[in-house]
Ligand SMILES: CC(C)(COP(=O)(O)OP(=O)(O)OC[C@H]1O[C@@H](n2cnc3c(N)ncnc32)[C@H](O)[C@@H]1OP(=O)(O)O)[C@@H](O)C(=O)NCCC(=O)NCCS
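Take a look at this single chain, the form predicted on its own, given in structure tokens.
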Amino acid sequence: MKLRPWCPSDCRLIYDWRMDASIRRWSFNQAEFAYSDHEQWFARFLADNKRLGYILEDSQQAVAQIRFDPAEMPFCYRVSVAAAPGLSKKGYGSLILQLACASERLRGLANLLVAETMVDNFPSQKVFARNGFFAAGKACRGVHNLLCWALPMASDNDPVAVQLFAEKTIQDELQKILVLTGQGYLSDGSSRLKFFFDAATCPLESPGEVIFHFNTCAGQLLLDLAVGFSKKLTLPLVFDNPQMAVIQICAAFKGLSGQGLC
């Protein structure tokens, strides 16, 4: 078995896999598109040092591919993985995920990995669950109902103190994912991060604190206010659900703190 980065000669291979009906079935965008469009996308991908793609080879045959794209927040990456057409259920998806997640390059970029699967894509759900990903709520993207997944890239002995201002059901969901992932813990007193949802009123300024406000609009969760965060964000940011928003922000905050920026 060999894991290697994507290279220019993989362009046609990735396109042919992506156009295969068995793979398009589980893609969020199931439309066919021209190879010329794919060529342009692939060239941009390879030129972007913040994106990573890998091929798994078995006896020099390409058997699976995986890519990592920046997610909504810094230090967070979205995972897309697929076995080659006709080679599902052979363990290649799980193996490439394991090997790629252990790569030094990825670990130098990411504090948190996130992913989404369709609710009826049981093989992909098993791949993520078997490799340590935590279930992080549900979402809807277009016509697709999704399950969300998250994986911290390292065991965390320094979770962030947070305060949550939301309905109790949301608070309970957020407390659960914070404990599972180790990204943060609820504090009744002082905290660096404060999260306000929908009707919860947040102060415009609070020295030393980082404040985020979210609104639910047409089924989407929008981050529409960020105060005191050291990284400039282009708002509004759209998240799949409150769990994915809060754990990404915690991971980003810790990454920036490690660089002395928070």
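Bear in mind the structure is a predicted one, so any value in this text is a computation, not a measurement. Numbering starts at 1 and runs along the sequence shown.
The form predicted together with the ligand is left out here; the points below concern that form.
Residues with any non-hydrogen atom within 4.5 angstroms of the ligand in the predicted complex fall in just one of 188 to 196, 85 to 93, 160 to 168, 104 to 112: 85 to 93. At a distance threshold of 4.5 angstroms between non-hydrogen atoms, S80 is in contact with the ligand in the predicted complex.
Contact annotation for V127: at least one heavy atom lies within 4.5 Å of the ligand in the predicted complex.
Interface membership of Q175, defined by any non-hydrogen atom within 4.5 Å of the ligand in the predicted complex, is ruled out. Put simply, W26 is close to the ligand in the predicted complex: some heavy atom of it is within 4.5 Å.
Each of S22, E116 and N121 comes within 4.5 Å of the ligand in the predicted complex, counting any heavy atom.
Along 238 to 253, no residue reaches a heavy atom to within 4.5 Å of the ligand in the predicted complex.
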